[in-house]
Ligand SMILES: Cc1cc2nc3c(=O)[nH]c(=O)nc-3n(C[C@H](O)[C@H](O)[C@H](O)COP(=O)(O)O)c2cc1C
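Here you get one chain, nothing else, as structure tokens; it is the form predicted on its own.
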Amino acid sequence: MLKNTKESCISVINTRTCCRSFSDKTVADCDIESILKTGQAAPSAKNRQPYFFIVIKNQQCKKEIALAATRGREKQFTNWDQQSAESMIKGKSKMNSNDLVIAEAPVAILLLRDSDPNYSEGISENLEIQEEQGVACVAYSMMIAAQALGLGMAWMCSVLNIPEELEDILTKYGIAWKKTWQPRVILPVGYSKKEKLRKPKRKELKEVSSWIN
């Protein structure tokens, strides 16, 4: 039984991939709570747990965030030529960054970094790397949980570009925005429209590893 459990865990991790096309099937609140709890189980430096979740089910709220993210992504690609930038923003490039899937998914989970402003790691003046690593671990753990529950999830970092817009939008929907919140990733979640998602090919292990025996 233990062997099967190990094999199932490894299979979930190895088959997980981002979902960017969702059906309108309802996602149970208990599944969302399981995903959040799995995120909480992720490690963070000194167990600081520097994060906060906002679960968004309201369709209009998701639509406003999706549109703001699309406009915000334009800032990210200001140095690109117009054709390449438009292709990325509209999700037509190989990297496929279509922010409108935020509105399509039944649920979107906004993951914020929430940290004591007086906290410092003494590593970098502008970036507390350990806390950023902790938040990233949370997001990935949530993606694994979604896969295990038979749900699709996408990792969308466009919210990095729109902190002020998010504050304006979410305040309208009753969220008391904290100045210590920093948007890091939004995770659309739901049931995939596609029966099977194709995982992008990974490099050969020998290309990305060395062993010291």
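One-based numbering along the sequence shown. Because the structure is a prediction, the values reported are computed rather than measured.
Although not depicted, the form predicted together with the ligand is the subject of the following passage.
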Q) Looking at the ligand in the predicted complex, do all three of Q40, R48 and S115 come within 4.5 Å of it through at least one heavy atom? A) no
Q: Within 4.5 Å of the ligand in the predicted complex, counting heavy atoms only, one of 61-69, 151-159, 164-172, 22-30 shows up; tell me which.
A: 151-159
**Q.** S192: touches the ligand in the predicted complex, heavy atom cutoff 4.5 angstroms
**A.** no
Q. Would C18 show up as a contact with the ligand in the predicted complex if we use heavy atoms at 4.5 Å?
A. yes
**Q.** Contact label in the predicted complex: K203 to the ligand, heavy atom within 4.5 Å
**A.** no
Q) Heavy atom to heavy atom, is K196 within 4.5 Å of the ligand in the predicted complex? A) no
